[in-house]
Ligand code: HEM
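What follows is a single chain, given as structure tokens, in the form predicted on its own.
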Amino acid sequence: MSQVEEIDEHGYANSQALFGGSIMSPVRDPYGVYARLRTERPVVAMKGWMDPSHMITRYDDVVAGLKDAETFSARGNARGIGLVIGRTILEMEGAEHVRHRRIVTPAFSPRTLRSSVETQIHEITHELIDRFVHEGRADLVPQFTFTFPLRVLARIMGLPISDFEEFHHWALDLISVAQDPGKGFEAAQKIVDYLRPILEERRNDSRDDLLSVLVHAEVDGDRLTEEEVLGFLRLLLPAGAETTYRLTGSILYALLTHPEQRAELEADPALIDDVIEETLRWESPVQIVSREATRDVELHGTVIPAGELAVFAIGSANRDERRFPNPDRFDFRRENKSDHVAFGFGEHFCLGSHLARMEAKIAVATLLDRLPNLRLDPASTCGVVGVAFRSPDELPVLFG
């Protein structure tokens, strides 16, 4: 790949030149770059995003790396979002990670979701659709997908959030700390200021919600400190809201731009699970995951030095032609679509994956049912955008 101008004489790629923007830019199509990297430089040294780092782009290498926690440590997350959310399960490993993860895992189990959350998801979905169903048009991003999952999480946690749009913008600023540290730290403080009085209330009046579970949880006989509880919340709220918001938007975009496959789904609604899995592969909401190399690692002739970040390109892995034939094509009939790594791999596999799938399934099915002849506004030029995170930034639709 030495002929490519984005690689300098020292073998480093300038990330902004390579992808045409910053890690949070609304880049339309990073997949051509990923395809070129997979073929010519599957492990590439990067500068401009998270320095120093090496990006790993092939499916087999990404899976192997995420499974190998001894070589690629999650403690690398402390350098990014960990700076603003504090120490959480995101950067913990081994027994410590397991102990803390067990606190919240029951709340996101399939059994718990079916018994106590599914009805709430249906209610929230209908509440949002009721606001625009009689208008004949909508932009489904600001009017539905953007706050939908945050509303669900707020119900699960017992948080009386009044302004979901503002809260979600805080969450976005929080996860964008690498691009704008000042905004990230300001958002973290706003979230803390909002949550502190609610935590104090739960200490004195425990309820049947996840927030009460966190406030009264114990690890090795000791209750979580206030900072540990706040860390959990600063992690769970943005993570849960972001993944599902982006997944739901991309599913809708895929169906609205692939009419034959949408017709198949409408003829057999049970196919929605296949649609969700293929969308997770085709447009992974979270595109990159970082780990810290604990030792020098040589991969495809390139050495990743100990202490440097290994950036696993989830989005590239899920479009690797070695694993997925014709990978750029959206095809929910694809046999191995569920081999995707959209929710990560190994001990840090996303604990909210069941909730994300349930929310997306209910939301998409209800929208298709309640909005007859749903179609993109022909004046729209919308598409799926982003590098670190991907989803449509708008979905202007007509219906009726």
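We number the residues from 1 along the sequence you see. Since the structure is predicted, the reported quantities are computational estimates derived from the model, not experimental observations.
Here the subject shifts to the form predicted in complex with this ligand, a form of this protein not shown in this document.
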Pick from L150, A187, V229, I314: which residue has any heavy atom within 4.5 angstroms of this ligand in the predicted bound form?
I314
If the cut-off is 4.5 angstroms on heavy atoms, which of these, R329, R101, R203, R75, is the one near this ligand in the predicted bound form?
R101
Closest heavy atom of L355 to this ligand in the predicted bound form, within 4.5 Å or not?
yes
At the 4.5 Å heavy atom threshold, is H348 in contact with this ligand in the predicted bound form?
yes
Considering non-hydrogen atoms and a 4.5 Å limit, does this ligand approach R155 in the predicted bound form?
no
Is V141 close enough to this ligand in the predicted bound form to count, meaning some heavy atom within 4.5 Å?
no
Of 192 to 200, 237 to 245, 132 to 140, 256 to 264, the segment with heavy atoms within 4.5 Å of this ligand in the predicted bound form is residues 237 to 245
Judged by heavy atom distances of 4.5 Å or less, which residues of 276 to 310 approach this ligand in the predicted bound form?
L280, P285, V286, V289, R291
